[in-house]
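One chain is shown next in C-alpha cells, namely the form predicted on its own.
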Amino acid sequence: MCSILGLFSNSDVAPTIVSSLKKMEYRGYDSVGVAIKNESAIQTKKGVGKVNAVNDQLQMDKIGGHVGIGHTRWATHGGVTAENAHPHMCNTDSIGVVHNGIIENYVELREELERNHNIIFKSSTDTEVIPNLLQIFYEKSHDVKRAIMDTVQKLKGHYAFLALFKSGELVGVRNHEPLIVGVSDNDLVLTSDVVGLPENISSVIYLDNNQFVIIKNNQYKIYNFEGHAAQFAIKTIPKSYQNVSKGSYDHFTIKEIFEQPTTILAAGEGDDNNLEKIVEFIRDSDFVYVTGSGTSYHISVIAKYLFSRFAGKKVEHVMASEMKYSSRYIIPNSTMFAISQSGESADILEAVSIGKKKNAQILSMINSRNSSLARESIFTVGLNCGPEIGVAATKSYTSQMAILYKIADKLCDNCLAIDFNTISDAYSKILSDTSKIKELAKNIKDISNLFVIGRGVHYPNAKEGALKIKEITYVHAEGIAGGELKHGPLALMDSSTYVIVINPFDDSYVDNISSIHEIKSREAKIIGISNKYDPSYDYWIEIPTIREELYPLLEIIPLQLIAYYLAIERGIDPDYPKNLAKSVTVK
C-alpha cells in the first residue's frame, strides 16, 4: 500500500526522490520521509503529512548525496506519528529501510532482537525489525548479499523493502509485493510503482517474487533468495505512464472522469487474440467464478448478469477477500476470471492462489500488463485506460464494464453488436453539462446519509455509486436492491433522507416507480437518474436514450460526478480520501 523509492544517480538524488514520492502519494499519504547517504553518514528527515507539507517544513529535497531512499506511508502497524514514519534506521544508524507490506512475525522478531541483541526500538511499526536484522547479519559477514539472504530467511509475510547501507549499497527485495528496477545511463531506480519513475527512465525490470537487487557504483546485480544470479528481462513502460499530471484539471479524479469518452474506446484494444481465448475458456467451462475487490467486485457482479443473460453460463461472483472462506465449494477444474485495476491487490492474488490449488484456469482483466496478476494468468486482457491516480476508481470501472460487454457479445455470437462510439458520444453528452449535478451537490452537501437504489443489472451500479460517495465525501451511502426496500430500509426513510434511483426506461422502470412512491410517502427526496422524466423526481439527472441493455455503461457517470462535486462542496480533496489508498497490497 505504501510507496517506496530508491535512487542512485551521478547527481544529488533528494529532489528527484521527493518529486517521485509526490507522484506516488495516492498509495499512501499519512507521512513521508527520506534517507540520503552523503560521504560520511546517512541523513534522515521524515514527518507526518503529505509530501509537499512535510518538505516545506523539513526541506527534504535539499539534502546532498548521490544515493537515497524515500517513502510515503499508509499506516498498518502503529499510529500516524513521526516516529512511525519511514525510513527506519538500525541501532547503529548504518542501515536505513523503507518497506511496503506486512512482516507477520515482527512481534517475535522484535522480542528476540531486544532479548538477545539489546536492540532498542524507536517505533511501533513492523518495519523496524528489518534494518536491525540486516545490521546484525552484516556485522557477522561484512557482506551485503549474505546479510540480505540471512534476513529474508527470518521474515514471514508479503513485503517489499529497500535498504540503504552506509557503505554505499542500495538494495531492493521483493516477496509478493511489487518492486521495479528502472534503468538509464546515469540513474538506477527502485520503486513500487512505474508512476514514480523519473521522467528520464523508460526501461524497467519487474522483479519476480523472492528476488533482490544490489546497486552500487551505477551497477546492479539481481539474485534469488538462495543467492544465485537471476534471469530478468528489460521492458519499456508505456508512454501513458510517463509524465503523469492533472493538466488543467483541479484533481486527478475529475480528470479521469472526463477521460472516459476516450478510455471506453481503448478498453481491450490490441488484445483480440487474448479476448478470443478468454471467451473460449468461459464458453467451454462448466462453471465460471468471477472475483474482485471493491469496485472490481461490483464489476464481477455485473459479469454474472451479462454472462448468464446473454450466454446462459453458470457464473458465481465471489468477493476476493472471501475466497478462502468459500474455497471448499469451488468446483475443481473450473474457470476463474480475476478482475483488478492494479493487478497487485493482496486479496485478488490470494484468491487466484486458492483457485490454482483447485486446478482452476486463471483468466484476468487488468490495467497493468506487467502486474503480478498478469503473470499468474493464462490469458489476460488490458483495460488500456492509462494510470488511474484518483483513489476512487472511475475510468477503470467503465473500461472493465466495456470489456465484459465485449466478452458477452462474443459469447452470444454478436447478439449485442455494440458500437462503442455511441457510448463514447453519450459520455461526452453527459459530461458537456454538469450544472445540474453541481447544483444538486450544493443542495445536499450537509446530508449525513444517502441511499442508491437499482434493480437487476443496475444493482451493482447502485453499490458502486454508493461506494464512490462513501470513499470521497464521507457521507454514509448504501446501495440497495429496489425490491429490498420493504425488508428494512424503509424504516430509515424520512424528510431528511435523499435517495438516488437508477431508473432508465427498461424492464426495471415500472417497479422502480412503485418504489419511488413508497419512498415519497415517507417524505424522502428522490434523485432520479434516467432517460425519461417522471414528476416524482425532486431532482432529475438526465442520461441519453440508448438500447436498454447498455444503460449500465451510462448510468455510472452521473454517480461519479455526484460523488466528485459533493466532495468539493464538503471541502474534501477527492484524490486523497482519509484512511484509503489506491492499491491495497496488504490483507
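Since this is a predicted model, take the numbers as computed values, not measurements. Don't overthink the numbering: it's just position in the shown sequence, from 1.
Another form, the form predicted together with fructose -6-phosphate, is not on view; read the next lines as being about it.
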{"property": "Candidate stretches 286-294, 156-164, 223-231, 266-274 - the one whose heavy atoms come within 4.5 Å of fructose -6-phosphate in the model of the complex", "result": "286-294"}
{"property": "Distance check, residue 169 to fructose -6-phosphate in the model of the complex, heavy atom within 4.5 Å", "result": "no"}
{"property": "Residue 393 within 4.5 Å of fructose -6-phosphate in the model of the complex, heavy atoms", "result": "yes"}
{"property": "4.5 Å heavy atom contact, residue 467 and fructose -6-phosphate in the model of the complex", "result": "yes"}
{"property": "In the model of the complex, residue 471 touching fructose -6-phosphate (heavy atom, 4.5 Å)", "result": "yes"}
{"property": "345, 260, 132, 191 - the one with a heavy atom within 4.5 Å of fructose -6-phosphate in the model of the complex", "result": "345"}
{"property": "Candidate from 364, 300, 341, 372 lying within 4.5 Å of fructose -6-phosphate in the model of the complex - any heavy atom", "result": "341"}
{"property": "Members of 261-286 lying within 4.5 angstroms of fructose -6-phosphate, judged by heavy atom, in the model of the complex", "result": "none"}
